[in-house]
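Before any questions on binding or motion, here is one chain by itself as structure tokens, the form predicted alone.
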């Protein structure tokens, strides 16, 4: 795992936009990452579709998947142990709980990105329901089609996944796109850009 890249993501999750990183915070991040290594049970499931499922034929998915010949629906999780640890800490050490939460979120993104590099050479980045004005409720469509329950992820009535450190998303096949400000459909209303930073780890525009 590239910890320098991971730390960039962690600081972003912590809200360190344009704020100097401190040795104390850096040491706390290192400690939380070390603790996470003994808790994380990363699991990933996916299914490839030759034809677009119906819910992907609307915007913003249609634009995102334009030029793709297939689509991957995926879901991934760090496991319930991470949630349990964060929740316990929230009652005894709020600062550490917040840092551990950010470390977990960044780790989930990082591990998922690493896994997806093995799914093919020409892929878009992962687009999750709720991004770019897409309905969060579309996550139900993904659950119906790939059944992430088999890797321990469930969905509550408000469309939030349990464990909380889980995601479900859409990846286009046949077109390579990287996360970049120039290609993002949120470019016009991005709070990260307003603060002079990015929501992702890459330095590419």
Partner chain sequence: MLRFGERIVVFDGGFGSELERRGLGGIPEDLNITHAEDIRAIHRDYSAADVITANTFGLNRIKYHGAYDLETVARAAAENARAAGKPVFWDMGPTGAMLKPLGTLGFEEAYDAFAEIARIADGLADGFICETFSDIYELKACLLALKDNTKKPVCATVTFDSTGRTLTGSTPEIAAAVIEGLGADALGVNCSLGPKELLPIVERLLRSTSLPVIVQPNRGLPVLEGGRTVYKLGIDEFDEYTERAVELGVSAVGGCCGTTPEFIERISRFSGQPVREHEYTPSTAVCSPTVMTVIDGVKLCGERLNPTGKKALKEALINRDFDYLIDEAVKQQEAGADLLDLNCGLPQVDEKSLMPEAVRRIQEFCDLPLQIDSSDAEAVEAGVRAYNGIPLINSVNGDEAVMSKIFPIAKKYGAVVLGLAMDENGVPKTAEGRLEIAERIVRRAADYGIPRHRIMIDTLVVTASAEQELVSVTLDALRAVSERGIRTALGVSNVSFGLPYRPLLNRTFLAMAMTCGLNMPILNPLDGEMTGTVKAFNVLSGIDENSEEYIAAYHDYKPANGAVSISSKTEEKTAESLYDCVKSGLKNRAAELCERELLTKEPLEVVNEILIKALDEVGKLYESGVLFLPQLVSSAEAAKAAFAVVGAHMPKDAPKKGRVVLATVKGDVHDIGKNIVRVVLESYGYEVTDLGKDVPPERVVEAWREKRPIAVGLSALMTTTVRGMAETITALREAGCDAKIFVGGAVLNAETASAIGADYYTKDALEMAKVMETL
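Quantities reported herein were computed from a predicted structural model and do not represent experimental measurements. Numbering follows the first chain given and starts at 1.
Here the subject shifts to the form predicted together with its partner chain, a form of this protein not shown in this document.
Student: Do heavy atoms from each of 69, 111 and 128 fall within 4.5 Å of its partner chain in the model of the complex?
Tutor: Heavy-atom distance to its partner chain in the model of the complex: none of the three under 4.5 Å.
Student: Would residue 88 sit within 4.5 Å of its partner chain in the model of the complex, counting heavy atoms only?
Tutor: Judged by the heavy-atom cut-off of 4.5 Å, residue 88 is in contact with its partner chain in the model of the complex.
Student: Does residue 175 reach its partner chain in the model of the complex if we count a contact as any heavy atom within 4.5 Å?
Tutor: Judged by the heavy-atom cut-off of 4.5 Å, residue 175 is well away from its partner chain in the model of the complex.
Student: Though only this chain appears here, would residue 99 touch its partner chain in the model of the complex if you measure heavy atom gaps against 4.5 Å?
Tutor: Looking in the model of the complex, residue contacts with its partner chain include residue 99, since a heavy atom lies within 4.5 Å.
Student: Taking the shortest heavy atom distance, is residue 156 within 4.5 Å of its partner chain in the model of the complex?
Tutor: The answer is yes: residue 156 has a heavy atom within 4.5 Å of its partner chain.
Student: Check each residue of 139-174 against its partner chain in the model of the complex and list those with a heavy atom within 4.5 Å, in sequence order.
Tutor: Heavy-atom contacts to its partner chain in the model of the complex: 144, 147, 149, 151, 152, 154, 155, 156, 157, 158, 160, 162, 163, 164.
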